[in-house]
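Here you get one chain, nothing else, as structure tokens; it is the form predicted alone.
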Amino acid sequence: MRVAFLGLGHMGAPMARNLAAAGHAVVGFDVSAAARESSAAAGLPVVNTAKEAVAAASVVLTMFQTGRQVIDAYEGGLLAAAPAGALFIDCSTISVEDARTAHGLAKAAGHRSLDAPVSGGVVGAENATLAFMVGGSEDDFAAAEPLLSATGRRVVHCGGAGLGQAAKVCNNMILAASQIVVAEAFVLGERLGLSHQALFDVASNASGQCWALTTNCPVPGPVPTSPANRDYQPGFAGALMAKDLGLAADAIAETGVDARVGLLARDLYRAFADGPGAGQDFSGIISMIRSGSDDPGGRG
């Protein structure tokens, strides 16, 4: 396929490279000159404008930071510059409402559209092991599945427009809450005199087993590949988790769900991201928990 890949950041750049390695004709663009230069140095063809990137593309794949950026790009000439009937796949994590707006804009311009947010972080993007949660029609999903499979291990059709984003906010709410309680458990274990390895050996083989423990373990040692072993370099940054939990909180408010744990996770990650945690892996929240434990009144 002829693919325009827009957004060559920590996630987008390795995804674009994996698509090119799978034999697709990929052209990249990013608003950052440094990102363009880095991708070009890695062998990916890049151009200097988004419109130039999409001009001959059968598929336009976007990886942006916000829903506003997606909508502004679509309305700002991206849809008009693409060939008729192009398949727009947005892999950004945005609100369900914004995803449905983007779908409507693409359809009105004579294009096809999917929302396809990802899970798996930078490691998943680099190793082509991402999970894609896809919203849109069955026909468009069938057309996109071979492409997405080139950069992901699991591609799931979640339903109609916006439902990929719905799955993403639900998944990340689970992830955030589990990462927090895993961190709390390790700090509690420390205070009780339990070694990190002993707690890991028990919980990873018992009912406490979860991804936040066995892959993203928040203490160095038990899982050598976890961010805790490299001073919490992301990974998936705390600022991004705070953003995603904000989207979850918006959905909670819209639906009236009694999701107190999810909202508490939002508050804790907002506090973490307001401090040094913004650029750390989200498992680094264990540092905030330790700090608060030294002064119980400081936890708010």
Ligand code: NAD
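Only the largest set of C-alpha atoms that superpose within 1.5 Å between the two forms is called the rigid core. One-based numbering along the sequence shown. Note that this is a predicted model, so its numbers are computed, not measured.
One more form of this protein exists, namely the form predicted in complex with this ligand; it is left out here, but the text below deals with it.
Determine which one of 248-256, 268-276, 38-46, 57-65 lies within 4.5 Å of this ligand in the predicted complex, judging by heavy atom distances; exactly one does.
Selected range: 57-65.
Tell me, which of P227, G152, P222, G121 has a heavy atom within 4.5 angstroms of this ligand in the predicted complex?
Contact check passes for G121.
Indicate whether L8 is a 4.5 Å heavy atom neighbour of this ligand in the predicted complex.
Heavy-atom contact with this ligand at 4.5 Å: present for L8.
Answer with yes or no whether K51 is in contact with this ligand in the predicted complex, where contact means some heavy atom within 4.5 Å.
Answer no; every heavy atom of K51 is more than 4.5 Å from this ligand in the predicted complex.
Any non-hydrogen atom of F29 within 4.5 angstroms of this ligand in the predicted complex:
Yes.
Decide whether A106 counts as a contact residue for this ligand in the predicted complex under a heavy atom distance cut-off of 4.5 Å.
A106: no contact with this ligand in the predicted complex.
Members of 90-111 lying within 4.5 angstroms of this ligand, judged by heavy atom, in the predicted complex:
S92, T93 sit within 4.5 Å of the partner.
Any chance the CA of F236 moves 2 angstroms or more between the shown form and the other one, core superposed?
Shift at F236: 2 Å or more after core fit.
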